[in-house]
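The chain below stands alone, shown as structure tokens; this is the form predicted alone.
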């Protein structure tokens, strides 16, 4: 009686951990260690069920061979644990050698002598999510039915811990995503026929699960269109996860997408959740997808086909349900012809293709966009009711905006900062002062000299416009950051 009351007291302690410990791995380790101590078992394991693969994977283990257990997996219906997961009913096996369901391969491989097993299913919402097993009662004793009753309670607590921890992790990620979203303006501004047509098509796509490829020049608002699709979908309750493939070095892209296990490589101190896992049940937006190497494209294609991936350094498959929206500013058909982009991935992504029009093709929207950005930046800078002079508006409407909406936004921000705080004048706009410099070509230049002179001035204009930020300048010019660096070096442009 004293032993049972002690166990109940420890169970009460565990119930407080469920609400106070949000690290799922740590929580399950605590629960299993406590259970093993109460049961006086030599070893124990907690396994989680992956419904897509129909396999059980060792999440936490105790005992002398615990480090080896994560190398194994068990099919549903295989062995005693597999049988428990399949039927949802607990089992108490006093002598495993006398039970035809006994699967001895794991014990044989790790050199562990198994005599008896006590195994119960873990359930959440009446569905089996895994199982807990205790192996060999200490001092050659046998497990009793009372142990089975107590273990059922342990399983309920563990299942609750898993559900709560996953809810906490999801909420934490949601909060992070919402904070990111609050720092951005996600509204598509425009009344032109071109923008109305593409947004109408986007809303038609939103209701489906179809993968979508958005094409368009840099700075046209491809991410905004992706967000419109996400917000119109059944996945809108989860935030959209984004990854700019051009902004992450190739060596780090796999880690960003797939995440890694603790200790999987030098510097991997903690487990990292990748973008694919974060986007489960939601939308993953892969911007500048054409910048991804063919080898990485192959890995992404496998995830899209199977819905399963592994973290770097991990051997436990992770199932995800993701809707992918991809975008590129490149001519994707040319990239396929040149062998830079996989045709099979293209067809997987390009169920629906949308084209974001460049700003020069929707000049009717420039006054609306300019006013929108003025209102955005005047509040940030502490100015109010800044007007746009007719001459400044005419300058903006007549300009072709090679950097599209991103360039217009930057130009308005500069005008708000550098202007008189009351009215934006033509001279406050960066392209007005720079245009005169670009228009002067000296007589006697060869064609190559003239081209080089123009390139140098054009780069200088954009670097001045972006305050020396090469990444922003490259984005506005529609070229890669590395190519811009080479041009800067070639023309001897000082920082």
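Numbering follows the first chain given and starts at 1. Nothing here was measured: the structure is a model prediction, and the numbers come from that model.
One more form of this protein exists, namely the form predicted together with a small molecule; it is left out here, but the text below deals with it.
Looking at 223, 378, 73, 99, which has any heavy atom no more than 4.5 Å from the small molecule in the model of the complex?
Among 223, 378, 73, 99, a heavy atom within 4.5 Å of the small molecule in the model of the complex occurs only for 223.
Using a 4.5 Å heavy atom cut-off, which residue among 230, 83, 260, 362 comes into contact with the small molecule in the model of the complex?
The residue from 230, 83, 260, 362 that makes the contact is 362.
Is residue 405 close to the small molecule in the model of the complex, meaning a heavy atom pair under 4.5 Å apart or at it?
Yes, residue 405 lies within 4.5 Å of the small molecule in the model of the complex.
Even though the partner isn't displayed, in the model of the complex is residue 189 close enough to the small molecule, meaning a heavy atom within 4.5 Å?
Yes, residue 189 is a contact residue.
Is residue 239 close enough to touch the small molecule in the model of the complex, meaning at least one heavy atom pair within 4.5 Å?
No - in the model of the complex, heavy atoms of residue 239 and the small molecule never come within 4.5 Å of each other.
Is residue 282 a contact residue for the small molecule in the model of the complex, using a 4.5 Å heavy atom cut-off?
Because no heavy atom of residue 282 falls inside 4.5 Å of the small molecule in the model of the complex, the answer is no.
With the small molecule left out here, work out from 251-259, 215-223, 417-425, 385-393 which stretch has heavy atoms within 4.5 Å of it in the model of the complex.
Selected range: 215-223.
Look at the CA atoms of residue 472 and residue 368: state whether they lie closer or farther apart in the model of the complex than in this form, given a difference of 3 Å or more.
It is farther: in the model of the complex, the C-alpha atoms of residue 472 and residue 368 lie at least 3 Å more apart than they do here.
If the C-alpha spacing of residue 290 and residue 472 moves by 3 Å or more in the model of the complex, is that a move closer or farther apart?
Nearer in the model of the complex, by 3 Å or more.
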